[in-house]
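Form predicted alone, single chain, as structure tokens, below.
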Amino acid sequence: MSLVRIENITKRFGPLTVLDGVSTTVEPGEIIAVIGRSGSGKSTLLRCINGLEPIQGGRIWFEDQLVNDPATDLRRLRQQVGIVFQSYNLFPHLSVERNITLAPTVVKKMAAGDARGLALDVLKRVGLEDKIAAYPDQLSGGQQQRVAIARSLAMQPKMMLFDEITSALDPELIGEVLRVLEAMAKSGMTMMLVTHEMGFARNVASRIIFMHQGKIWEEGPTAKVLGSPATPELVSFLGSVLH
């Protein structure tokens, strides 16, 4: 069974249609890169998947849960579908450890000792176990973004969504974040990421979704979509980001 099924969804902000009849699926273990120009609906699509944005038409399923059913427990859903944004959203007054353990102790009622062990484990996965006692303002942007990823991993989600998480970083910090994502991909995590890092998309993504004007314009295996684009819109987009 597909992990996510998106069926003909429509999303509007006032009179503006941002997603216009979008349908796709996400299979367990897939790594999907969502590419396209600003305003094409990429980030909105991610936010609809875990219920951060309501939709006006169509249906989104996560496993057997209908995301857009008013009866769905979105808080529980978001434990299974983690999302990391370009602005790290760490609590500045809390240590790295507490930023990570807050949700497991409050939401999952995990014991403090177990939560600390979990924090160390996820920090190890992002290469920052030595920063467990630090505060966000003592970290670089790349380190803060890796802590944000660790915080999401601490909820042990089945799927991770990444919304342009490297776009606010200096070039030398982008690599350290992308290496974390590569390691997660190798571990089998299902991921959907909005990215402008085409080299990363080419090397890591199993599938590409190219969005244009609120629709999925092209999608398919990475080598096929990037190697032989079928539409002038994708040719033009790739020309603008690869030069």
Ligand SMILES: Nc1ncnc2c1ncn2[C@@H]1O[C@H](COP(=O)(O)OP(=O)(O)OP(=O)(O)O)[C@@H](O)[C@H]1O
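All residue numbers refer to positions in the sequence shown, first residue = 1. All figures in this text were calculated on a predicted structure; none of them were measured in a lab.
There is another form of this protein, the form predicted in complex with the ligand, and it is not shown here; the text below is about that form.
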Worksheet item: Pick from 38-46, 179-187, 201-209, 56-64: which stretch has a heavy atom within 4.5 Å of the ligand in the model of the complex?
Response: 38-46
Practice prompt. Check whether Lys215 has any heavy atom within 4.5 Å of a heavy atom of the ligand in the model of the complex, and answer yes or no.
Written response: no
Worksheet item: Looking in the model of the complex, any heavy atom of Glu97 within 4.5 Å of the ligand?
Response: no
Worksheet item: Is Val18 one of the residues lying within 4.5 Å of the ligand in the model of the complex, judged by heavy atom distances?
Response: yes
Worksheet item: Hey, which residues along 162-185 are within 4.5 angstroms of the ligand in the model of the complex, non-hydrogen atoms only?
Response: Glu164
